[in-house]
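To begin, one chain is listed below as C-alpha cells, in the form predicted alone.
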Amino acid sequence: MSEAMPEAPTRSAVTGSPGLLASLDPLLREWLPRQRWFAGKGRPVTGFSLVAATELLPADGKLGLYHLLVRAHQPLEPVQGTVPHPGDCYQLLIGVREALPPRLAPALIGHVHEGPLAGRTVYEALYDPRPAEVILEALRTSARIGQLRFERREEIRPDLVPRVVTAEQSNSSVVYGDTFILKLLRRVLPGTNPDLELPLALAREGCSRVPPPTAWITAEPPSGAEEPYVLGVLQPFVQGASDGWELALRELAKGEDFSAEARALGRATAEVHTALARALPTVTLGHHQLQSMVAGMTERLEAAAQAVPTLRPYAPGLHSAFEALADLAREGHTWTAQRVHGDLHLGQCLRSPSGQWWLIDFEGEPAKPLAERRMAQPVVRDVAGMLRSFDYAAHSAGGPPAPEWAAACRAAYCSGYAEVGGRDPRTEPVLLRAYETDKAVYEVLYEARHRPDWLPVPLSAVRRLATGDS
C-alpha cells in the first residue's frame, strides 16, 4: 500500500546548488553508467554540471524528492566530423531517506557522506509509490514548480496507484492504476520532442491508432536561451495489450501463421501515416534532397564497412542500392515526404485484447539530433524498419531461422498498408531497397559493437540486399 496521497507540491527551484550536486557526484559516477538508458556507455564520466534542480518534497523530512536535470561530461569518441558538445543532459528523480526499506533495495543509488544530504540515502525515486504519486498530482493540478511545467488536456483521477515498469527500456515508465502510463524521457534535449508533438497532432486528427497525450511535463531552460525541455508524457494505458515483438515470437515458436496480424499492422501504419499527412506539412524531395539522402546512406555504409570487416565483401553490392536511387534522382524522379514514426519496429506496436493495433514511442532514433528526427521522410522509411523487424523475429524465436515466415509477414504487411494507404510500398522497389539497406547496415554496426552473437541476423539481410533480391 502506498502512503497517503500527497498534496500538490509547492516547492521552488533549488537555484545554484553546487553543494547538492557535489555531494551526489561520486554516487552518480558509479550509478548512472549502469542504467539501461544511459547513452554514453564505454566512456568515463569526468564530471557533472547542474542544468536545473527542483525540490518536490523537502529533503529534511522523512521522504525527500529532487527533480534534477544533470549534464554528464564525457570525452567524445574520436569520430571524424563529430562536433564537440557540452555533454548529454539526463532527467533524474532522486528520492532521499534515512534508510531504504527492503522493497526499495533495487533502487539504491548510494549513501551520501557530505554536503546538504550527508548521512542520508538516495535512490531512484520512481520505484517508490509516493514520489510517483507526487508527479501524478502535479499533472492533475497543472502545477508550476520552479522551472517545471505540468500541463494536461483531460481530467485525471487522484486515486490511481502507481507501479514502475521494470522491463528494460531506453526511458522509464510508470503505470497508474491500469489507466495511464507516464513515459519519462531520460536523455533530454531542448526543443519540440516528436514523442509529444506527433501524438498531439494525431489526437487532433482523431486517429485511433495512437494513445492520445493526456498530460505532459516540460522544463523551462534556466538561461532562457534555449527552448523548453520535454520531460515526460502521460497517455492512456492499453490494458492487457501484447507487445508486437513478444507476440510475433510467441506465434512463431508455436508454428502459427502471423500474416493476418502483419496485414492488420500494415493497415494501422497506413492509417497513422495518412493522419500525419493531414495534420502536418508534406514536402517534395527533388534532386538535391535525394542526392543528400544518398550521400548520407553512402557515408554510413563506408563507416560501417571500415568498422566491421565482415561487411566489406558486400559493400559494392550495397552501394548499388544507393546508386540506383541516385540514378532516379538524376532522371528527375521525386518523392513526397512527410512526418513519420522514425523508428518503427514490432516492439513499438501494441495489440489490444480486442485485436486493435496501436503505434507508440514516436521519439525517433534517440541517438540522432532532434532536428533530424523531426525532418519529413518518405513513408517507406517506416515500412523498411518494420520489414527488417519481421526478419529479426524470424531469427529470434529460439528455433532455426524461418525466412518463409518472414517473407509471408513482409508481403502481408505491405498488402495491408496498400489497402489503406492506396499504394503498395513494393511498387517503389528502388527506394524501399535503399532504406532497407541503410537499416541493415546500421544493424550490422550495432550488433558488431554490442551483440556480436546477433551479427548473422543483419548479415543475412545484407547478402540478400547486396544482390538486389526482394
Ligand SMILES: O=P(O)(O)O[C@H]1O[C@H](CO)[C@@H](O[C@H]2O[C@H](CO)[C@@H](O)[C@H](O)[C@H]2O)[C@H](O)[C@H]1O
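Don't overthink the numbering: it's just position in the shown sequence, from 1. Just so it is clear, the structure is predicted and the values come from calculations on it, not from any experiment.
Quick note: we don't show the form predicted together with the named molecule, though the next part is all about it.
Student: Label the site open or blocked after overlaying the named molecule from its pose in the predicted bound form onto the shown form by the C-alphas around the site (blocked when 3+ ligand atoms sit within 2.4 Å of backbone or C-beta).
Tutor: Output flag = open.
Student: Of 407 to 415, 48 to 56, 62 to 70, 437 to 445, which is the one stretch near the named molecule in the predicted bound form, taking non-hydrogen atoms within 4.5 angstroms as near?
Tutor: Stretch 437 to 445 is the one.
Student: Would all three of 343, 388 and 451 be in contact with the named molecule in the predicted bound form, where contact means some heavy atom lies within 4.5 Å?
Tutor: Every residue of the candidate spot has a heavy atom within 4.5 Å of the named molecule in the predicted bound form.
Student: Please pick, from 271, 361, 261, 128, the one residue with any non-hydrogen atom lying within 4.5 angstroms of the named molecule in the predicted bound form.
Tutor: So the residue touching the named molecule in the predicted bound form, by this definition, is 361.
Student: Considering non-hydrogen atoms and a 4.5 Å limit, which listed residue (289, 170, 74, 121) is close to the named molecule in the predicted bound form?
Tutor: Selected option: 170.
Student: When the contact criterion is heavy atoms within 4.5 Å, does residue 348 count as touching the named molecule in the predicted bound form?
Tutor: Residue 348: yes, in contact with the named molecule in the predicted bound form.
Student: So, in the predicted bound form, is residue 392 in contact with the named molecule at a 4.5 angstroms heavy atom limit?
Tutor: Heavy-atom contact with the named molecule at 4.5 Å: present for residue 392.
Student: What residues of 228 to 267, in sequence order, lie within 4.5 Å of the named molecule in the predicted bound form by heavy atom?
Tutor: Result: 245 alone.
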